[in-house]
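To begin, one chain is listed below as structure tokens, in the form predicted on its own.
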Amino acid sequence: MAKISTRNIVQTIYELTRGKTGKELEAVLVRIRNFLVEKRLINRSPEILRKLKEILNKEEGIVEVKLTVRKIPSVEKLNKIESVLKKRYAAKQVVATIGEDETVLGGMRIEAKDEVIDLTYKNKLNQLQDYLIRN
């Protein structure tokens, strides 16, 4: 029996559901669920949904960002961060999840797509220390 990859499942689900609404979409989703149950692939649902969301976000120009800070920045700063991230990722929209972390001395850590941008003071100090030790 050939193994069915999650990537193939996701791509098929995307193709089958694209452009469908209402009863037509509901019927397709029921068939997909039944297939996943029958093939004992239902346990892959979280990963399938995550990958489908990635495809849809890419198609719609949405970038999801996790922002870790010591204290939530002002609306003005958040707007500036959003503007920079829109340009960096050529996105129409940035959806940010902001987490407060008391261990962050200052600055911020940004996780977007497969990239981590560490702008925390601790990271800057470590970079300076490395530079001074090497030179």
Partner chain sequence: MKNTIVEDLKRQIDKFKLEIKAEKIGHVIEVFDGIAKLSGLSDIKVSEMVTFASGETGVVLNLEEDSVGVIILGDFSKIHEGDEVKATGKILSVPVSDLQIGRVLNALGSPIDGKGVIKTDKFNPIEKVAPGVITRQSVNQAVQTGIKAIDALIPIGRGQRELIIGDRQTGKTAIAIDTILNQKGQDLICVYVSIGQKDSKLRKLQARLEEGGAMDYTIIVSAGSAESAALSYIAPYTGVSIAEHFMDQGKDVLIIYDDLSKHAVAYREISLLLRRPPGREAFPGDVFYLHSKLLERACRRNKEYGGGSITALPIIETQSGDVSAYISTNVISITDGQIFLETDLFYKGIRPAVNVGLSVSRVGSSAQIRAMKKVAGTLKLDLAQFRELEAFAQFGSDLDEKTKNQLERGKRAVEVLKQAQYSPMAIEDQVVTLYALTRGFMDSVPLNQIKTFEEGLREYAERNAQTFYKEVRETKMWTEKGEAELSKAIGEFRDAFLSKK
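Definition used throughout: the rigid core is the maximal C-alpha set that superposes within 1.5 Å between two forms. Numbering follows the first chain given and starts at 1. Predicted model only: the values in this text are computed from it and were never measured.
There is another form of the same protein, the form predicted together with its partner chain; it is not shown, and what comes next is about it.
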Checking a candidate spot here: are Glu111, Val116 and Tyr131 all in contact with its partner chain in the model of the complex (at least one heavy atom each within 4.5 Å)?
yes
Is Thr21 close to its partner chain in the model of the complex, meaning a heavy atom pair under 4.5 Å apart or at it?
no
Using a 4.5 angstroms cut-off on non-hydrogen atoms, would Arg70 count as touching its partner chain in the model of the complex?
no
Is Lys53 close enough to its partner chain in the model of the complex to count, meaning some heavy atom within 4.5 Å?
no
Examine Arg88 and determine whether its closest non-hydrogen atom to its partner chain in the model of the complex is within 4.5 angstroms.
yes
Given 98 to 106, 43 to 51, 72 to 80, 23 to 31, the stretch touching its partner chain in the model of the complex at heavy atoms within 4.5 Å is 43 to 51
Per-residue C-alpha change between the shown form and the other one, Asn126, threshold 2 Å, rigid core fit:
yes
